[in-house]
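Read the single chain below, which is given as C-alpha cells and is the form predicted alone.
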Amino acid sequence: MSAPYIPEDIGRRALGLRDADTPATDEQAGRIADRIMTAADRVGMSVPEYVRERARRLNVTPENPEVKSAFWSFEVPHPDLPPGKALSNMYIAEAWAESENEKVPGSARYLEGTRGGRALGNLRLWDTAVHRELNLQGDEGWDLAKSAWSTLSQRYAEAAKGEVVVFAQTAFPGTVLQTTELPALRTNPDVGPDNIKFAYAAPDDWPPVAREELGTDAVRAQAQFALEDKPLHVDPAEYAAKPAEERTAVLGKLSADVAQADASHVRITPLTADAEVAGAKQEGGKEAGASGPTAPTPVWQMGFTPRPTAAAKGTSAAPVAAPEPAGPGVGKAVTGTGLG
C-alpha cells in the first residue's frame, strides 16, 4: 500500500513539528505532577478524578464560528523517515491548521492547538515520566490519558461547526475517532454526516468498486473496515464481490446500524458562558448517517489542490494553583495507545 498523498510543504512542516516534540524531562515531569497533585488535593479529589473533571471543563469552544476543525487518527508512512517509522497525523493536522491560518487568520484549528487542548497537553499525560511521578501503576497512566483526551475530544467535536476535515484514511475500531469523535460529529446539528470530509483518499489496495462506493466521505464517516468482530464492520473485498443489489443492502444496513448507535450518543453538558470565560483565564494560552455513496472523495478538500503523485517526497476542572507548566509539545497520542 502506498502512502496517502500529503502536500510537500505540509509534510516538511509536520516533520519539523514532530522533531520538536520531545518527551518531558524528569524535572519537568516532577513539576507537572506536583501541580496536579496539589490542585487535586485542594479540591478533595483523587488525581484521576481531578484530571477527568478538568478535561470536562477546559475551553474548546471556537472563537470564530466559521473556523474549520481538524480531527486525526494514527499515523502515515513518510519517505523521509527511517524504515519502520511513521508520521503521526497529529502533526499533519497541526501543520495544516498553521498553513491555513497563515492564509486566513482564525480559519482552521485542531484539538491540541485549542486553548483547552494546550492546557491538557501541558499536563503531558502520555509521558511515562509523569505517570511515575503521579504514582500511577501499570496501565493507569495510559487509561487516564485516554479518558481525559477522549472527554476533551468529544467536547471539541460537539463544539465544531460546518465542514470538518479528518486526517485519516479510515476510522480504526476502538480509537477515539471511531468511538467518540465521529458519533459526536454525526449527531452534532451544526455538522452532521454530510460535513465530515476525509483529507486522504481511501486505501489504494481496496478493489475499485469498494474504493468508489465505500471510499466516499459519507461511508467512511460511518463504517470501520478492520475488525470483523466489532460493530459497523464492512469488508472491502467481500463487498466488492457482491452484486449491485447486495451492495446496496449492505450500505442500507450500515446506515440503520449507525442511526441506532447514534441514538444512544450522550452529549457532554456544556459549561455556561461565564464558566468558559473563567476557564480561559485559568488556562492561559500558547481540541443518523448517510444512506450510501454520493460522489468520489476529493483529496485535501480543505484548501489544497490534488496533485497526480500518490505521495510526495519530503512531504500534526478545577483550576490549578499556578499557571500550567510549559511542556515540550502537546498531543493526545501517537501510537501504541489506542487513541486516535
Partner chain sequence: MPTVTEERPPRALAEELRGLTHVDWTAVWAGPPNPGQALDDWCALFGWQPLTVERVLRVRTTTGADLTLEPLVSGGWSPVRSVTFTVRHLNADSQDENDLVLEQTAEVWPAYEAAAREVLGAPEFSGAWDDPAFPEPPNDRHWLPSRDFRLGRRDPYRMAVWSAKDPEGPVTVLTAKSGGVTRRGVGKRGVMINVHCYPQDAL
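Since the model is a prediction, treat every value here as computed from it, not as a measurement. Residue numbers count along the first chain shown, from 1.
Separately, the form predicted together with the partner chain exists; it is not shown, and the next lines address it.
Comparing 204 to 212, 184 to 192, 246 to 254, 139 to 147 against the partner chain in the predicted complex, the single stretch with non-hydrogen atoms within 4.5 angstroms of it is 139 to 147. Contact check for 34, 74 and 134: all three have a heavy atom within 4.5 Å of the partner chain in the predicted complex. Contact between residue 198 and the partner chain in the predicted complex is not found at the 4.5 Å heavy atom cutoff. Heavy atoms of residue 38 reach within 4.5 Å of the partner chain in the predicted complex, making it an interface residue. The closest heavy atom approach of residue 96 to the partner chain in the predicted complex falls outside 4.5 Å. When contacts are judged by a 4.5 Å heavy atom cut-off, residue 90 counts as touching the partner chain in the predicted complex. In summary, among the residues 86, 104, 237, 259, the only one with a non-hydrogen atom within 4.5 Å of the partner chain in the predicted complex is 86.
Annotation for 19 to 37: interface residues with the partner chain in the predicted complex are 21, 22, 23, 24, 25, 26, 27, 28, 30, 34, 37 [heavy atom within 4.5 Å].
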